[in-house]
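Single chain ahead, by itself, as structure tokens, in the form predicted alone.
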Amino acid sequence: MRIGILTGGGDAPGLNGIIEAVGKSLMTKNHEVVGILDGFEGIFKNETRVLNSKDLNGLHARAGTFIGTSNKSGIRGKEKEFLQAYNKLNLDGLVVAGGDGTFSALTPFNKEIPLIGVPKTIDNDLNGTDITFGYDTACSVVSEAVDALRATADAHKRVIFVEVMGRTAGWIALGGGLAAYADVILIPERPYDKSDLLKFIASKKQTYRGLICVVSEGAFAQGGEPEVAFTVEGSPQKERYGGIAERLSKWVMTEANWESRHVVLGHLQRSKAPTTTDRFLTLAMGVQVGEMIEENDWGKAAVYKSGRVTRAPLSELMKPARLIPEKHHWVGFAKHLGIFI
């Protein structure tokens, strides 16, 4: 068979691992693997390349995606054009590593395009899977940054707010913040009380030299709403959040009289080479995809559930974002450690 592979949406550590694992699994069975360049744009523009083993060797260790991606090229309103462009590629099936937006965009073609999905987002907020690849790597970036920043916070007696990704779900802030024993963790699922936060910070001023606060970009105070940094017209998610760390830093200096700074980690969370955990996850998912193609088991995704990689209907990935439950045990861990959350 001639199988296409596409990566859509924002990049995530592990995408290259998926490409290598899927590609090698198919090549050992004498299938042809075609990389579609830059997400949906590669289909519209007929920009592809046939992959070989030399292309794939060592890809798993690299961040980014070897074939490129895009979160700006939509399909809505261009469905007929998209299907015509896809048919010109003469593919027997398509493997897509993406998020809910990518899979939702492909839903109209579930009868025309044999599709297998691999859930992808560093935010770890996709339903249908217990974890997404790239999340562990993103958390490691956050925890390493917090560990490093604590030294300068203590040296200068400062509060430092570290802003991390997470529009509607705070998994990165919670996982990375816990791993580094942050003093404060603010997430979208738990709007914070400004007076309680100020009391907590003030209570630490006499005994702590510095304080580290990890904040999701989508976090907000009770009665407020997330900060919108800018908009990207034509993008499925045109409102881009950001700015809460800077605002809170200025607020603490004014209200708590404690010198404060802010750091925005931004795309650093995407740009690190995948951790061993993410490498194993993408390897197992890639092998699963190869088996699904051999069995003509289309319309499903390779997911991680109950400690193993298995299969699930693609529709399970398109449900609302998987948020952190009120009584999640990680939230309990934070409370036990005296972290404000």
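Residue indices: 1-based, along the sequence shown. Note that this is a predicted model, so its numbers are computed, not measured.
What comes next is about the form predicted together with 6-O-phosphono-beta-D-fructofuranose, which does not appear here.
- Between 81 to 89, 257 to 265, 190 to 198, 160 to 168, the stretch whose residues reach within 4.5 angstroms of 6-O-phosphono-beta-D-fructofuranose in the predicted bound form through a non-hydrogen atom is 160 to 168.
- A heavy atom within 4.5 Å of 6-O-phosphono-beta-D-fructofuranose in the predicted bound form is found for exactly one of A245, I122, L186, V118: I122.
- Taking S104, N71, S143, N127 one by one, only a single residue has any non-hydrogen atom within 4.5 Å of 6-O-phosphono-beta-D-fructofuranose in the predicted bound form, and it is N71.
- G10 belongs to the set of residues with a heavy atom inside 4.5 Å of 6-O-phosphono-beta-D-fructofuranose in the predicted bound form.
- Interface residue remark: K204 is not counted as part of the site for 6-O-phosphono-beta-D-fructofuranose in the predicted bound form, having no heavy atom within 4.5 Å.
- In the predicted bound form, 6-O-phosphono-beta-D-fructofuranose lies farther than 4.5 Å from every heavy atom of R150.
- Using a 4.5 Å cutoff between non-hydrogen atoms, E217 counts as a contact of 6-O-phosphono-beta-D-fructofuranose in the predicted bound form.
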